[in-house]
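Taken one at a time, structure 1 and structure 2 that follow are two forms of one protein chain, written as structure tokens.
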Structure 1
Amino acid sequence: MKKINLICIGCPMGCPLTIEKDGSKIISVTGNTCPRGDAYARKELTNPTRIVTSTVAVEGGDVMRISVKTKQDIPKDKIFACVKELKNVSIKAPVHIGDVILENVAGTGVDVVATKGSSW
């Protein structure tokens, strides 16, 4: 049996989590104050994921760039591939919050969406 300590990143509370693991099997998660902590611990030890945020260029808009995010969390090892794909993206104004900027980023099946709008 192995004990692993993690800090939950689910919310700003940052609960200290202790996970008991037997081989690849998770026996218990303690230290969390809400169900998000349990889910985070299990995911972090099997398939760690993150939401990625960045910006893309806007053409003909009232701002130079707009902010974007992956609509869901993507595998941690795809973060750099995701940012790289966004490097060459340029979007024509108008853009609205929630508009899909790039589909299936880095083959993750997750879309990148705008988190800010830009009018002409």
Structure 2
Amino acid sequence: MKKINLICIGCPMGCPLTIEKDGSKIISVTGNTCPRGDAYARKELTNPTRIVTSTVAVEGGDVMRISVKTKQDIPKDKIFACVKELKNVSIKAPVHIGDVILENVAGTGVDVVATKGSSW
């Protein structure tokens, strides 16, 4: 049996989690003060995902770059592919919060959306 220690990022409490694994099977999760800790630990050890935040260039806007994020979390192993695709994105103003900037980033089925706007 193997013990793994993580800090939960499911809420602001940052609970210290201890996960017991037997091979690929998770036996127990302890240390969490809410159900999100258990769910986070199991997901982190079987299918880790993250929200990606970045910026993209804006043409003809009142700012040169705007902040963007993935609309949902994507597989952790797709983060670098996502950032690589965003590096080459340039959009024309105006841009509104929530506008889809890039569809299906890195083949994940998840869109990248604007988290800041830009007018002409």
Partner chain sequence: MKAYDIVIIGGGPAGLAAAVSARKNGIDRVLILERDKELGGILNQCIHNGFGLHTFKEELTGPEYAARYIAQAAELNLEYKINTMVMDISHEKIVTYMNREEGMQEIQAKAVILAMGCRERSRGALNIPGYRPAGIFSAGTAQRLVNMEGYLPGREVVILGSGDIGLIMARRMTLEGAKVKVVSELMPYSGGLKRNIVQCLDDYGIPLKLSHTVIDIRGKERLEGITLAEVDSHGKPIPGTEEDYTCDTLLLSVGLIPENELSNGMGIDMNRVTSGPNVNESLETSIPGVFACGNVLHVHDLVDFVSEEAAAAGKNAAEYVMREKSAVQISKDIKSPIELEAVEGVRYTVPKTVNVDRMTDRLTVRFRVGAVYQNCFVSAYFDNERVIHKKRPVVAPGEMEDIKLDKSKLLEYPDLKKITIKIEEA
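Here, residue number means position along structure 1's sequence, counting from 1. Just so it is clear, the model here is predicted, and its values are computed rather than measured. In this text, the rigid core denotes the largest set of C-alpha atoms whose superposition between the two forms falls within 1.5 Å.
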Which depiction, structure 1 or structure 2, is to be taken as the form predicted together with the partner chain?
1
Verify the C-alpha shift of Gly109 between structures 1 and 2: is it 2 Å or more after superposing the core?
no
Cα displacement of Gly98 between structures 1 and 2 reaching 2 Å, rigid core superposed
no
Can you read me the CA shift for Cys11 between structures 1 and 2, rigid core superposed, in Å?
3.0
